[in-house]
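One chain comes next, on its own, written as structure tokens: the form predicted alone.
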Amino acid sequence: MGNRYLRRLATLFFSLFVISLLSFALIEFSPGGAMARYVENPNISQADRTRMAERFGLDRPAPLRYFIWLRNTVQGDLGTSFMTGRPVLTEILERLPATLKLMTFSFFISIIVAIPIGIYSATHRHSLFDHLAATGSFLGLSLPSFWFGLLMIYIFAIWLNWLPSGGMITPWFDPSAYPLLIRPFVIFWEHTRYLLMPAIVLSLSNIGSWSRYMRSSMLDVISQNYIQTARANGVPERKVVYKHALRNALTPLVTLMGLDLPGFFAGAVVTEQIFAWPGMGRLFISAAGNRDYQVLMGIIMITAVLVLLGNLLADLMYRFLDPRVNYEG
């Protein structure tokens, strides 16, 4: 099994290299370039633009700039932001916790909602609940996230005034103003009420796909001979479903979860913009609009690392869910 994971790690590093090369090439071939935003600025002369290009190394050939960037990245230096002059890694690390917080909350919402729906739909096939769940799943897969996000803001923030329309925390929130006994609950609710709407929007499509996939996987498992044998031996139905069938039905779903990790990052770009969530998604939009290519490359690489590690974690989960999996084969 050790050789298996060594190969996976080698594949991971090679994938990162290919992603970095393709991303750098796409950014390099994009119209304008990093200095385009200064061309029509009358307050910046040609000499100023030349000095700026020299400062950021933009006067060098593209292949040389890539290898310099790659060498510095391996050493932990993602470069300097063209806009703020701050290290790119600092810019990203300030936003990364907010994005991971949103993604983690959304991931658990997807699991908590999708798996029970899939199980109940499979065990109550062709029931009214099954048909309603199928309809809801198709709606969740087809609704645009930006439209659903704006709809939720209108209903829950403007009309009902139950939840804040955006942001991460109330600027004037002071936990010390509450009694010590209830302070942890107040802090938890303060963070949760800002998380609810963006997390639900981000998890909507995953709930739709995961619940249908869970239903299909569960239907396949409960038709197996060992499940029929357990029922014939008088094992309670609840135990048959949740002890014998669920664990085997989860194995294909883990694969889908690993493959859907990039969707969380892609969806976070739109969701964070709608709800003014101060994460990497908003930083990515800002960097793209300002042609801050160093920040764009940094975000792409950090995202790629997280996605590939997530897929590696999904691979490791197979051993927990099904010890019969043979990695050496």
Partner chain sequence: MKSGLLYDFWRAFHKNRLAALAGVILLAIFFLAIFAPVFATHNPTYIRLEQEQIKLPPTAAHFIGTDNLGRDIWSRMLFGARISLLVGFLTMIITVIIGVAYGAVSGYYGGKLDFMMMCFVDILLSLPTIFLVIILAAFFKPDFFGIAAIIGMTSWMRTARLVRGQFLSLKEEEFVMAARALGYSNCRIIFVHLLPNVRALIIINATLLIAQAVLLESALSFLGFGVQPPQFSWGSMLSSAQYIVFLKEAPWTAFFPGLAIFITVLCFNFFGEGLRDAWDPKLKNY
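Here the structure is a predicted model, which is why all the values come from computation and not from measurement. Positions refer to the first chain, counted from 1.
One more form of this protein, predicted in complex with its partner chain, exists but is not displayed; see below.
- At least one heavy atom of Leu22 is located within 4.5 Å of its partner chain in the predicted bound form.
- Mapping the unseen interface onto this chain, Arg238 falls outside it, with no heavy atom inside 4.5 Å of its partner chain in the predicted bound form.
- In the predicted bound form, no heavy atom of Ile68 sits within 4.5 Å of its partner chain.
- Interface membership of Val18, defined by any non-hydrogen atom within 4.5 Å of its partner chain in the predicted bound form, is confirmed.
- Heavy atoms within 4.5 Å of its partner chain in the predicted bound form are found in exactly one of 175 to 183, 212 to 220, 70 to 78, 113 to 121, that being 212 to 220.
- Although the partner is absent from the chain shown here, Trp147, Pro262 and Thr303 each have a heavy atom within 4.5 Å of its partner chain in the predicted bound form.
- None of Ser165, Thr84, Ser127, Thr255 but one reaches within 4.5 angstroms of its partner chain in the predicted bound form through a heavy atom, and that residue is Ser165.
- Think of it this way: in the predicted bound form, its partner chain has a heavy atom of just one of Ala288, Ile44, Ala53, Ala62 within 4.5 Å, and the residue is Ala288.
- Taking its partner chain as positioned in the predicted bound form, the residues of 150 to 172 that bring a heavy atom within 4.5 Å of it are, in sequence order, Leu150, Leu151, Ile153, Tyr154, Ile158, Ser165.
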